[in-house]
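In C-alpha cells, the next block holds one chain alone, the form predicted alone.
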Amino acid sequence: MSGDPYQTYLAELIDARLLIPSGVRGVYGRGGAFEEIIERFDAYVTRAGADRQPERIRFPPLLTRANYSRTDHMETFPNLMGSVHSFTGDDRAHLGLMNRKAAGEDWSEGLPATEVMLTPAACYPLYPTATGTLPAEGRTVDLQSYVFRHEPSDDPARMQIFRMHEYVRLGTPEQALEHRNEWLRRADEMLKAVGLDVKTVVANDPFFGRGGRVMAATQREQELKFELVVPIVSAEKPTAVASSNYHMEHFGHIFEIRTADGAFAHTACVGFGLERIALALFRTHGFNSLRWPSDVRNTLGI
C-alpha cells in the first residue's frame, strides 16, 4: 500500500465500492451507498434554504461557448476549462478518422469545437438568463449541477467532475452581502450538525499565472471569498467542502443585469460540494451510515 494518505483513502473508498474507478484520475462512478449520502445531504441543503423561497432551476452541465467567452474564465482559469469538440465531416473525413484510430494515432485531431463548454461552476449558466432589470427584492435561485474542472489528482476530494448545490443571490450590494454572510452562518451550523469539524477561513480562487497571484491577494484582502474547510485526509491541510462568495458587480456588468434603480446588480453565492461532503462524512463516521451517530442520521433522514 502506498504511503501517500490520499492514495490510501482512495483505495479504501474503492475497496468499499463507494467509488468505482474509471481509469482516469479524478473520474469515478459512485456506489449506491455513496449516492444515498449525496441525495440525503442535497435534500438537507434544500430544506435549509426553503425559508428564502428560492426559484429552483436545474441547468445541464453545459454552457454555451458564446456565453463562456463573455466571462473571464479563460483568462483566470485556463488550466481548469473543458471544451466540447465533435465530428462534423463527410464520409471521406470519417474514413480518415477510423484509419487514425486503427493506427493508434490521435484521432481527435481535426474535431472542431462545438457550441458548448463544460460548466466550470453551477452558477455560470444562470447569469446569461438574468440579463435585464431585477425586481426590487432581487432574486434568489437554487441551483444544482455537475461541474467540470480539469485537475487530475489522486486526492479523492479533487474530482474532475462533481456536483455543487448553490444558492445564488442577485440584487443590490446590501442584498448580496447579506446573502453571503447569512449563508456563512447557516453552512457552518449545517456542517456541525452532521458531526463535521468545520472551520471558516478567508480564501481565494486558484487564479492562473503571475497575474493570478495579484488577483488572489486582492480577493483575500477584500474578503470576497470564504471557505468552510474540514479534515478529510489531512488535519494540517483541511479540504474546502463549501464556500460563500461575493462577486460584487462582476457578473452584473458582464451580463447586463441591473437592479431596479438601474445600477449593475451585485451577486453572491453559497456552494456545497456534495461529493466532498460525502467523503468527509464517510471519513468522520465510517463507511456504514447505519452506524453513524443517531443525531447525524436524524439530521440527514437516514
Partner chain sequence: MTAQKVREIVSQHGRLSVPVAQLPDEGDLYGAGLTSLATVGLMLALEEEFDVEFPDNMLSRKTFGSIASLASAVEELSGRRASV
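Numbering follows the first chain given and starts at 1. Quick caveat, the model's predicted, so the values are computed rather than measured.
Omitted from view is the form predicted in complex with the partner chain, to which the following refers.
The stretch that touches the partner chain in the predicted bound form, counting heavy atoms within 4.5 Å, is 210-218, out of 210-218, 125-133, 138-146, 151-159. No residue in the set 51, 53 and 172 has a non-hydrogen atom no more than 4.5 Å from the partner chain in the predicted bound form. The partner chain is not drawn, but in the predicted bound form it has no heavy atom within 4.5 Å of residue 205. Using a 4.5 angstroms limit between non-hydrogen atoms, residue 72 touches the partner chain in the predicted bound form. Among heavy atoms of residue 222, some come within 4.5 Å of the partner chain in the predicted bound form.
Not displayed here, the partner chain is kept clear of residue 119 by more than 4.5 Å at the level of heavy atoms in the predicted bound form.
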